[in-house]
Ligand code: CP
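Starting off, we have a lone chain in the form predicted alone, written out as structure tokens.
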């Protein structure tokens, strides 16, 4: 595997989940793969779970790890060609990327949507420059449009806790004070569709995702109706995707907050969220603290999803 961006890159999901659970029971069984290999993690945006889990996964595999926070301790990077660099950016990404590649064997990139230009965001310009110019395998640690490490961890978690072969999984929009990217819901939808669960997306009108990600999911604008008989409820905010409102907040309707009352409509569902979460906006205290909440096991599985991806990349070197 030379890159990891979308669900297609992981191949057969049953095999991937089986491999994940095997690694979870024997995290240090493949340390020889990473011996004398270096992972470079490049962060254009903040991180807690992604940074810690991916670094731990690499260490489990015996790798050396370099973490570069582009916004702290590095030159400010220009990302556009043709720009006269007479401002505060001292280095161009087109020189920086091959230099980075010369110091490592694998590169992880985290670069969020900027909401300045929808085409630029959805073309994944920064990520694809790393793929093109680094000369090394590259994987996404959340980009403008996708977060596959999170979605893979979500899938592993559902497979561990499901009671029926094809559970009903509901992705519900919830209010948030800031405009957030569509990366997490995009990937979650993509992976749930690939898993062929009974998958429903619910949100206010105007929050439709890119159809290439929402795929065959049933779209329901009535949250209560969507939650009925759900086995897993995944709450997440995202800003508008459709033009002319791309990147905008269209609603802060608090009736969409996931509460105990909302969860009572489900089939005693598990609650999920990628974290960090705005309590009592996205979800009430009692729901996220309940015994049906999976946010901590879900976050712990981020180590496992990253380790499967890194293992496969190392095996391809």
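Numbering follows the first chain given and starts at 1. Treat the numbers as computed from the prediction; the structure is a model and nothing was measured.
Here the subject shifts to the form predicted in complex with the ligand, a form of this protein not shown in this document.
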Next item on the list: Using heavy atoms and a 4.5 Å cut-off, decide whether 48, 110 and 150 all contact the ligand in the predicted complex.
Entry: yes
Next item on the list: Scan 275, 249, 265, 70 and let me know which has any heavy atom within 4.5 Å of the ligand in the predicted complex.
Entry: 275
Item checked: Candidate stretches 279-287, 60-68, 254-262, 39-47 - the one whose heavy atoms come within 4.5 Å of the ligand in the predicted complex -> 39-47
Checklist line | Residues of stretch 290-317 in contact with the ligand in the predicted complex (4.5 Å, non-hydrogen atom) | finding: 302
